[in-house]
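To begin, one chain is listed below as structure tokens, in the form predicted alone.
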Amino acid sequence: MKVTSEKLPKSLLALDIELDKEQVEKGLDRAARRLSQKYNIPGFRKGKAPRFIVENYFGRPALIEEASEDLVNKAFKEALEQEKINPVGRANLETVKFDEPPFSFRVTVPVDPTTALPDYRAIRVPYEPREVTDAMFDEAMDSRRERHVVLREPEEARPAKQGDQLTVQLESFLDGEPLETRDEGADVPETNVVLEPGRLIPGLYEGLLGIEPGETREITAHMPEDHENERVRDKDVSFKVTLKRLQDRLLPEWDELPTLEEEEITLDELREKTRNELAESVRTNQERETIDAYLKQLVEQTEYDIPDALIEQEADDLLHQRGHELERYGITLDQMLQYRGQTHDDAVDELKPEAEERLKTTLALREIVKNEELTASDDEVDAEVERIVGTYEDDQRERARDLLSHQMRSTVASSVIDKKLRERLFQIATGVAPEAPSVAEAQPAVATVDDATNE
């Protein structure tokens, strides 16, 4: 058997396979036996007619047609083994030439994608550590206090004042058209709002002061230029608000807060703890933003050759992941697709752009893991196991330790490597990374999925 390969775009490999005469003859023999077993041939019991009789009875073209699928499948399998090719998706039969010798066919096979990284260590993201401002700290402390607010019905009916919690039916309109869609005949949903200047849009807050239960007001407020909804930015929006319920909000005294938070510390110590937690949160969020900005540049500058089959597979995986998330709410994937009026294939096609971006990020990161020689030692994995075990209740720790140390050890190792990777990416992005391992200089920055270290 002769096999000639041709590299095509999108990590497709075209195989031109020419069958040996012996292969063809064996295939025709098998086809003749199948035909003699399926049909009655005069003078012979089923399955007993020799090949030349079968060929004369049905004709050579019919015999070749019967043999073609079997010949192609067997020859294709042998060609993959011979050329040591590992497909990453379904092959596509392009042409078949079985009308006269030599018998041959052409098939395209999706193979591992390739990834050519740029000089990823030269990519930089501006970084200036943020400080915790007094406003941020005050908001964090207020948030702690808000967790312990007590709602109480007023002793006597009264108008709304600052600090109240209002249960309202609220509709919003832009140029007379409703901004929210609602089924015909459906009631306006109720929502809770706190009557504080910083918690409501300017204009809406002032318009709600003094409203009484059962009263309906129409209020116009001008939206800020940076409003999250682009449609209403720097525009007047009309609100129709009906007050259904009014409640007093009773906040605890500050010196009660440590006890309410179940902390055996003073208020000053709680304030210090809050400031430290806030600083850590700010640092973590800023590092995440920096890494995300770095990854965006990395993916844009990286060259990829990815088969469509792998993108489709990634999109299918993404769809089923979302299906599993919906199961927590008692909704099946089929129900979601029915609600959207989509077929499974429609949903997969819709997710392909997102799947391609996710796949590109994964491929680039795997290559960086390889180039940076990021690994997880047994001691590091053991330490991570113990850290995770420490988050469990005492009576669950031994079982968790056994599970993490054995069945899930590879997952824990991947977690260790992932933490190292994010730390290294931040170091590279901000220009403080340690010297690159020698392997990054000695090897070209090209990898396949199978070559890359698991993320």
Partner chain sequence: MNAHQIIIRPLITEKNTNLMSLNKYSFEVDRAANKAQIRHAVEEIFKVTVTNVHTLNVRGKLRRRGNRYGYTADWKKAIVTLAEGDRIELFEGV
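Numbering follows the first chain given and starts at 1. This structure is a prediction, so every number in the text was calculated from the model and none was measured.
Below: the form predicted in complex with the partner chain, not depicted.
The partner is absent here; in the predicted complex, the one residue of 406, 48, 387, 399 having a heavy atom within 4.5 Å of the partner chain is 48. Remark: residue 58 does not count among the residues lining the partner chain in the predicted complex, judged by a heavy atom distance of 4.5 Å or less. The closest heavy atom approach of residue 39 to the partner chain in the predicted complex falls outside 4.5 Å. When contacts are judged by a 4.5 Å heavy atom cut-off, residue 44 counts as touching the partner chain in the predicted complex. Contact between residue 53 and the partner chain in the predicted complex is found at the 4.5 Å heavy atom cutoff.
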